[in-house]
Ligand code: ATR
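In structure tokens, one chain follows: the form predicted alone.
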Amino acid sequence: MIKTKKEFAVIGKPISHSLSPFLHNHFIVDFEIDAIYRPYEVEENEIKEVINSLKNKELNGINVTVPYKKKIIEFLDELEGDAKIAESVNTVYLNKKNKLIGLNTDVYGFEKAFISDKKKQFFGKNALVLGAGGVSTSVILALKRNNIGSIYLSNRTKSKAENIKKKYFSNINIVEWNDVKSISKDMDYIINATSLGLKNGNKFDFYFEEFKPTLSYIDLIYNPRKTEFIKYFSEKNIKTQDGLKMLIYQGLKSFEIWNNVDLNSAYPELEKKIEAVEYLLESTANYIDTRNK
């Protein structure tokens, strides 16, 4: 078998829902790069083995998804950029000095997907973030950077939310998981940064009953695109957004870093390309669903 010059991977558990391989392999073909991108479902005790593959240059870069965005840090030599602040890593590569570098492209992905064209709309508003996993600190950092008014954080395990407040963001508000329904009426944004609603995963055991008619609901899950909460809020004529565009932007930033390319130069109308890829990924997910039924 002829080995490709480069191999990239995404690691996590679960991983079967991930559309990252389809995203990256699409652009690998576009740029005529001799490479392949694969998904690997790994246990926590297997992370070191993956890292060793990167050190040995058997892998050229990895993306990290739930639940290892913080766990991966102990295996790295340095953090750069937003990864230093959020202490959450979703992109890893080996630099020219053979040091393992951890990056965070989730903050960039969130900003590009949900904030870039409406920064003023976030000023002084209230946001409720659900979940205290690796992506939550990235979401909070992006919100704070864009002048959100007040941030409320809630997690099923309250201590994890309290740890985020103590370690990273002292001026956020911690809310008991059982109390999120009662404060929803004061929120301008509700952001699901948990894995609840993920395909074949656990679901929320409640619905929000009181909320502003101007509420925006953002679900970082992208597979399925129409989670139970997105369906619920859509039926109530509330604006909803799923996580597919964030997946694309954070993934393409990783792609640029690993392959030393500039997507803006390669695609004069990058936004139209993004829309086409978004449609492609949704069609791919739907095809997989149909095939597996």
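Note that the structure is predicted; figures quoted are calculated from it, not measured. Residues carry their position along the shown sequence, with the first being 1.
Absent from the display: the form predicted in complex with this ligand. The rest refers to it.
Here is the short version: of L128, L143, A132, A86, the single residue with a heavy atom within 4.5 Å of this ligand in the predicted complex is A132. The contact with this ligand in the predicted complex, taken as any heavy atom within 4.5 Å, belongs to K160 out of K181, K212, K160, K199. When contacts are judged by a 4.5 Å heavy atom cut-off, W177 counts as touching this ligand in the predicted complex. Heavy atoms of I248 never reach within 4.5 Å of this ligand in the predicted complex, leaving it off the interface.
By the criterion of a heavy atom within 4.5 Å, S195 is counted among the residues contacting this ligand in the predicted complex.
In the predicted complex, this ligand sits beyond 4.5 Å of every heavy atom of F255. In short, of 60 to 68, 259 to 267, 222 to 230, 237 to 245 it is 60 to 68 that has heavy atoms within 4.5 Å of this ligand in the predicted complex. Residues of 141 to 157 that come within 4.5 Å of this ligand in the predicted complex, judged by any heavy atom, are N155, R156, T157 in sequence order.
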